[in-house]
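In structure tokens, the next block holds one chain alone, the form predicted on its own.
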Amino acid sequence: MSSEWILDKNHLSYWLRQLRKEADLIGPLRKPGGDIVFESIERIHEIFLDLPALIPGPKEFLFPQYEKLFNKRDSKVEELSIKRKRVVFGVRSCDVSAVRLLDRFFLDRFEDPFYSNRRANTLLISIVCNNPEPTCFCAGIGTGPYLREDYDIQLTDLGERYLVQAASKQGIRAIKAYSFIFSKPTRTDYDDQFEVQLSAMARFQKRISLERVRSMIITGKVRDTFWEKVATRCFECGGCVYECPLCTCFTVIDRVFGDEIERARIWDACLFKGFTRLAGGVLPNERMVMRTKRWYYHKLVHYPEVIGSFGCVGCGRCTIVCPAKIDMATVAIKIKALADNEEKIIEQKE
């Protein structure tokens, strides 16, 4: 159950400045080349809120692309621990949904201490997507464009004001500490929120249900010839994996710098041939078709079995970044087409 307030947009910068006094403030900034990335905010007015679909998600602040695990110098081991408080502002709803799934992966069975420290000290402030992009399909998965639960703070843009909802203790605390700039919502505010949500849902150009796709795969109706066609188009660039807010593959490396040894983990990709290389150089999944098939099986079959949800939040990043157009949405649509054709054949026989 969330608590709700109204925040005048004129007071947003003040609120963020106060939060920055207690924690590092991270938000979307436009770089000189035009790219928009999440970085530490020094000037509040430079925050860019008209976010494109391809903007990197908050995963890198919880599970960094390059993360030192420990240093060893002169027979002494120094374990690294990150406990700095951070506020990540301007996150999309689908990315908050992705973080909830990352929590299950990193914390449920075997707690990852590095992820755990970062997660406990990170406050996420998300903004409802009023204008989903053509590549987005979170509405069909239930991960956006707005959230009903399991968020810290969620803002809905109502024009000159935000409807502010807080669902975690950390989020409620960040609002109540500055309650004098917040007010109680009125019936008009709730009516405007409903219209915003209804309008956002109507703007989606893609309506994809992964349940039917998963059923087709589990029942063996998607044959290897289909995956062969998908695999032959893959450039093995890893773009879909690195942009995905839910991919968690990593490898651990040791590096020597003089008398210092550093152990770190870095992002890896199950689509790369050497990802599961065994002793002696054996490659269990040398053929590209096996690696491609494994990625989709992991997202659509194994993720629901182990974590209880699909390994996809419909953010559409892989659609944008894949040069071969074999992204999750495109493949799901093609599998759905196979199901539709099968149903037509059955109807004709009857």
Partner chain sequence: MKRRSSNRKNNIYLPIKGRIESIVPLTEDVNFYRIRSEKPLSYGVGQFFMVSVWGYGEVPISVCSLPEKPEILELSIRKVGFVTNAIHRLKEGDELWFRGPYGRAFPMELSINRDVILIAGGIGLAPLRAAIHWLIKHRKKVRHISLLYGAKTPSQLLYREEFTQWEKEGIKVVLTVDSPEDGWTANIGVVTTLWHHIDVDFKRAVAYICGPPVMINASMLDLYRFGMPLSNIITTLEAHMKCGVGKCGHCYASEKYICTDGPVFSYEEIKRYRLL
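Since the structure is predicted, the reported quantities are computational estimates derived from the model, not experimental observations. Positions refer to the first chain, counted from 1.
One more form of this protein exists, namely the form predicted in complex with its partner chain; it is left out here, but the text below deals with it.
Although the partner is absent here, F194 is not a contact residue: none of its heavy atoms lies within 4.5 angstroms of its partner chain in the model of the complex.
The closest non-hydrogen atom of W227 lies beyond 4.5 Å of its partner chain in the model of the complex.
Under a 4.5 angstroms non-hydrogen atom cutoff, its partner chain in the model of the complex has A167 among its neighbouring residues. The closest heavy atom approach of R214 to its partner chain in the model of the complex falls outside 4.5 Å. The stretch among 155-163, 179-187, 113-121, 203-211 whose residues place heavy atoms within 4.5 Å of its partner chain in the model of the complex is 113-121. Every residue of the trio R104, T276 and E305 has some heavy atom no more than 4.5 Å from its partner chain in the model of the complex. Listed residues K68, R30, R294, R287 were compared with its partner chain in the model of the complex; R294 is the one with a heavy atom within 4.5 Å. Looking at 137-151, the residues that come within 4.5 Å of its partner chain in the model of the complex, counting any heavy atom, are D150, Y151.
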